[in-house]
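Okay, so here's just one chain, in structure tokens, the form predicted alone.
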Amino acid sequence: MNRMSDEGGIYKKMATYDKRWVYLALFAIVLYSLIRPIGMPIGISAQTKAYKTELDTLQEGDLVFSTWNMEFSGYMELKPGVLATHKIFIEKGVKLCIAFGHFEGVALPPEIFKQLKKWTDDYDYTEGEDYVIIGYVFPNEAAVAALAQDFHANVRVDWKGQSIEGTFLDEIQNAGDFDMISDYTTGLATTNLINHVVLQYGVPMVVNSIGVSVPGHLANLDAGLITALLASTRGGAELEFLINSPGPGLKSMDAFTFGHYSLIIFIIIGNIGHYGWTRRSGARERTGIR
């Protein structure tokens, strides 16, 4: 009788532990994983490999239209892919024309290039010579269509108000003069770029998309409208792994992994307790043990 009472007590504690411990444990585990990531193994999808392969086709001096169609909230999800892709661009020495599809885009260059400083310093990659930021130029589809047809009729200065004349953008007459579009999107302007640049001029386009938009872009990928797709934070983490440059993506994957492991452990504990406690319900009714 005492043994049954002791076992019942253990199982009852396992089945009815205070759920606040779950939240506390998750908070501690996720926080520690972000501060001290250990680099858990990560599988690389065929999509991410294809994305990297497409970027590898670029040569030094190629012209890439880097379209940041994201607001700050979307950037936090796309950050790993944005940084990893631009590291590749810088290492390859391609020329970047950077445009925004959201007015919050004006706050992104200082944040992004601060984190790319090691690469820009190592490769002497400078604004004006190697990349030009033309700013928020995509408020609607008409703007995309106009810029695609006649670049210099619609863009004369960069985002700081300085003339773009004399930069590598002198080579651009219309969107067909770009070698690639690299789009980072939360759903802004991307369809317009497909309609007025990809379909009109045949420029290859790679896309780094937030998770909820991935299914729609998979349809574009299958239809040949885009040439490669990087899926959300997970895709960015995979690209970080491929280029051997750990960043926010792989840190996030560590947090996701250990967070899920801890949840599984709590679920197992709860189920063992529930089974052990409830299967003795008959004995408790007969003996009065609670």
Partner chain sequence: MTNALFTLPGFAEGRLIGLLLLILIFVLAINFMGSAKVPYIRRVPALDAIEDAVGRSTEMGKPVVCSYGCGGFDYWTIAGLSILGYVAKICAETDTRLIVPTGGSASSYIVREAAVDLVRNAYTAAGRPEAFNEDDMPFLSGEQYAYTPGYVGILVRERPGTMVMTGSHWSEAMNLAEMANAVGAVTITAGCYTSNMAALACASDYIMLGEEQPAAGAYLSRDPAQMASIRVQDIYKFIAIGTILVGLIAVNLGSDIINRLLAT
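Predicted model, so just to flag it, every value in this text is computed and none were measured. Residue numbers count along the first chain shown, from 1.
Separately, the form predicted together with the partner chain exists; it is not shown, and the next lines address it.
Do residue 91 and the partner chain come within 4.5 Å of each other in the predicted bound form, heavy atoms counted?
Taking the distances in the predicted bound form, the answer for residue 91 is no, it never comes within 4.5 Å of the partner chain.
Check whether residue 213 has any heavy atom within 4.5 Å of a heavy atom of the partner chain in the predicted bound form, and answer yes or no.
Because a heavy atom of residue 213 falls inside 4.5 Å of the partner chain in the predicted bound form, the answer is yes.
Taking the partner chain as it sits in the predicted bound form, is residue 167 near enough to touch it, meaning that at least one heavy atom pair lies within 4.5 angstroms?
No - in the predicted bound form, heavy atoms of residue 167 and the partner chain never come within 4.5 Å of each other.
Using 4.5 Å between non-hydrogen atoms, is residue 138 touching the partner chain in the predicted bound form?
Residue 138 belongs to the contact set for the partner chain.
Within 4.5 Å, heavy atoms only, one stretch in 91-99, 117-125, 176-184, 70-78 touches the partner chain in the predicted bound form. Which?
Flagged stretch: 70-78.
If you look in the predicted bound form, which residues in 92-109 sit within 4.5 Å of the partner chain (heavy atoms)?
The stretch touches the partner through 102, 103, 104.
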